[in-house]
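Have a look below at one chain only, the form predicted on its own, in structure tokens format.
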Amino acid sequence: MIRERTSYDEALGFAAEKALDFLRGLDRRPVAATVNEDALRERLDRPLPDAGMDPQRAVARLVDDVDGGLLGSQSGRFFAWVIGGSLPSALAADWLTAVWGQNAALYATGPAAAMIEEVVGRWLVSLLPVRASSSFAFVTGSQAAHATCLAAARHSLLAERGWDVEMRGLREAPELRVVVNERRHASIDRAVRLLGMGRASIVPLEPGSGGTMDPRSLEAELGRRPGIATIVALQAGDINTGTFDDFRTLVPIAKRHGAWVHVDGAFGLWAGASPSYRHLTAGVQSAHSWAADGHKWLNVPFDCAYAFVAFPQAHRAAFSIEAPYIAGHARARDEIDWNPEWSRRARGFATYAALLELGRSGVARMVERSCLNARDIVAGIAALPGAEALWQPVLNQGLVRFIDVRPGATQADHDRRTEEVVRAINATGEAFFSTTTWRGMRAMRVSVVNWQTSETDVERTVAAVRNALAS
């Protein structure tokens, strides 16, 4: 049944009311989900009804059915993964993005969406430590940003060897090699697979003492098989420790061997927007491509990330397409020339609003406040009996673990204790963490990127850990 247009009023009004209730209740609501998969499946897994229902009733049914199954990732006490919240302006702009319904594929299909993406892309290039001449793409997340950047790299490296990969594909193409740190983020591997280069093309290097890529290992690997088309993937912000590769040393080594340097800067690239943490990114601008998430430290809603490429010609060649029904524009930027998607959400609106709300100084303050909160949380937990810090944050990521104090306790006992305490913390609803393995030890990761995290949230979090240890 087709509804009258006025049916928007009740459905959207009801949704807005429920959305505000959710946001206003973040401080009171448990950060963890309160129902399990069985309860969710029982509510949701029903046969599709033959008859439809009133729009407001459908939204009400949705709200009821997911109740208790939502993580409080918008909360200032969510530290499990590198997930930001949503700035008020960005959230409002995201709502309007859905209402406006623009297809951000071409200027013709969404003139304002295209123009705002063109402008905001230039803002980001000026804000982040990438080359001033870089092209850009607005994509879903760093996974897609890696694929976008590596597609440009693949084009450039193979074109240098006389191979048109867009025309001829990879069969019988010159060999490609992707040199990575053993501790890279797995999204790099998926990007390599998606682009048809295969996992066999990945060459993992054992990290140096700080967990970052070892320059001597890189030099040795690149010299071992000279002339191979090579991508070197570096890290701006390790997922566990927040550490940065030594770009000033590694990038020149890679360039000397003719390699393309790509930087995974999902959250760490934002350090370049802060005068206090900019030094961590020294030398990163000399790379060839960079990935950064907006839904992490810029605190815009999912899904939003950015790919930057130092060579716009290679970037465009990897994605541009022509067809009789594509109404290209001679004077405006058509997004389809730079993105792996065709029909796509107009992500520029939320980014535009967020950057207007924050300004350059606001982005810097948000980064710096997150880093301070991360240090305070790690220090506060480490001071508790039965806890210790494994990694003090150099940026916004820290690691702690919980000790089995029984005489003769083994590493396995400490690992078990860490898992138990993290589950107990999450069960309180006061804070939410996740575990990881670091240097063979189970640890609780502390990740702070949410603009809402306050000193009060830090105090509540440390108190929740104290109570969990005492239980």
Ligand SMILES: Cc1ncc(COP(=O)(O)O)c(C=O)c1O
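Keep in mind the model is a prediction, meaning the values are calculated, not measured. Quick note: we count residues from 1 along the sequence shown, nothing fancier.
What comes next is about the form predicted together with this ligand, which is not displayed.
**OP:** Find the only residue in H288, H295, R401, H155 having a heavy atom within 4.5 Å of this ligand in the predicted complex.
**Re:** Checking each option against this ligand in the predicted complex, the one that comes within 4.5 Å is H295.
Original post:
Though this ligand is not shown, can you say which of S142, N396, T148, N299 has a heavy atom within 4.5 Å of it in the predicted complex?
Top reply: Among S142, N396, T148, N299, a heavy atom within 4.5 Å of this ligand in the predicted complex occurs only for S142.
Original post:
Which one, 134-142, 314-322, 377-385, 345-353, holds residues whose non-hydrogen atoms are within 4.5 Å of this ligand in the predicted complex?
Top reply: Comparing against this ligand in the predicted complex, the contact stretch is 134-142.
Original post:
Does this ligand get within 4.5 angstroms of any non-hydrogen atom of H185 in the predicted complex?
Top reply: Heavy-atom contact with this ligand at 4.5 Å: present for H185.
Original post:
Is there a non-hydrogen atom of F267 within 4.5 angstroms of a non-hydrogen atom of this ligand in the predicted complex?
Top reply: Yes, F267 lies within 4.5 Å of this ligand in the predicted complex.
**OP:** Although this ligand is absent from this view, report whether G84 comes within 4.5 Å of it in the predicted complex, heavy atoms only.
**Re:** No.
Original post:
Might I239 be said to contact this ligand in the predicted complex, defining contact as any heavy atom within 4.5 Å?
Top reply: Heavy-atom contact with this ligand at 4.5 Å: present for I239.
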